[in-house]
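In the form predicted alone, a lone chain appears below as structure tokens.
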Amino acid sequence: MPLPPEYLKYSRRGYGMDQSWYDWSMLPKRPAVKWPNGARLALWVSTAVEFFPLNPPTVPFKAPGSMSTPYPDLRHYTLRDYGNRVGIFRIMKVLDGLGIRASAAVNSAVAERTPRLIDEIVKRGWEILAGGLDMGHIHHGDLDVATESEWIARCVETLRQSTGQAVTGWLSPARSQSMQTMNLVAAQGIDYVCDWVNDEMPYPITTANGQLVAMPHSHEMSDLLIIFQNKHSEEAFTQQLIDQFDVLYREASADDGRIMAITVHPWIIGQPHRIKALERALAHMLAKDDVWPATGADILAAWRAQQA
């Protein structure tokens, strides 16, 4: 049977996107962005600093990395704890040695439970991103606005008080949002969000509470995806990071910069047999003189300064 005429009627049909958060835009058509000191690439390393509840809710879903065997799943719970007790310090040692300041996406539960770990992060000059309450509090479409607003406000306030930083970036647990998440984080003074993966450069988002910027926080270049979910080897992880970098470096120039974003998890890459995989990839990148190690806030500031 032919489709009824009303099937083809859609109030938002038109050129570009069918939503009002951001304009449709092709990257090659946008004005070029120049990074400080003539850098071709901004190197953005982000570390997930998470707390996974021992008995996480199943609604709407369990975040990747959550407990997976019958309660109490102490095997996976203690492995996640290992990341914050041991693994993150290996990451710190590597980044310290290479002169890289990371962005740390932190669950506020970590700040409440292990304030000394937060002190170690802050004293290195790392940027703190608000990462939600914990990996059991998932933002989703059926979450009522009052509850979500309280979760976001509590997370942001806890991290600001515990770190002394402005905390201007947001990464939702499991990158999951409701239709109100961006309005609510903007109301808390957040400048940029990391949940969306549809671009390689920053772009503006319009919310009911002002403008946000979507930052290209990597999901593809992540130990969680490559090693944990795709089950590739450590050597493959290193090679994929290098391949990504090489292509972006070739496409970029001092007059038209790009961003190389890497996401790591201490309970994965912080293992003794894996940490070299990260170190080798980063050493390859920093062998180029025109690579700029930067936090998300650094990149955002440089990008914003060039917007008309």
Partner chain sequence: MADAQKSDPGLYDYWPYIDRPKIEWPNGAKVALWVAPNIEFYELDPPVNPSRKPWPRPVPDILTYSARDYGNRVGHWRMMEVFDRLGVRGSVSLNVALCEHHPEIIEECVKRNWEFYSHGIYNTRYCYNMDEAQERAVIEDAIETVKKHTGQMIAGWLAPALTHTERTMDLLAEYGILYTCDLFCDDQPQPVNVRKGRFISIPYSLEMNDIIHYNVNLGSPRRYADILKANFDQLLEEGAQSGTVMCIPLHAYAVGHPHRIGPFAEALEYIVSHEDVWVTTGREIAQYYFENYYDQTVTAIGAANGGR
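Positions refer to the first chain, counted from 1. Everything numeric here is computed off the predicted structure, so don't read it as measured data.
The next section is about a form of this same protein that is not shown, the form predicted together with the partner chain.
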property	result
Interface stretch in the predicted bound form with the partner chain - options 147-155, 162-170, 178-186, 103-111, non-hydrogen atom within 4.5 Å	178-186
Any non-hydrogen atom of residue 60 within 4.5 angstroms of the partner chain in the predicted bound form	yes
Heavy atom of residue 243 within 4.5 Å of the partner chain in the predicted bound form	yes
Residue 88 within 4.5 Å of the partner chain in the predicted bound form, heavy atoms	no
Contact of residue 230 with the partner chain in the predicted bound form (heavy atom, 4.5 Å)	yes
Listed residue (92, 174, 98, 122) with a non-hydrogen atom within 4.5 angstroms of the partner chain in the predicted bound form	174
Non-hydrogen atom within 4.5 angstroms of the partner chain in the predicted bound form for each of 22, 221 and 239	yes
In the predicted bound form, residues of 17-52 near the partner chain [heavy atom within 4.5 Å]	17, 18, 19, 21, 22, 23, 24, 25, 26, 27, 28, 29, 30
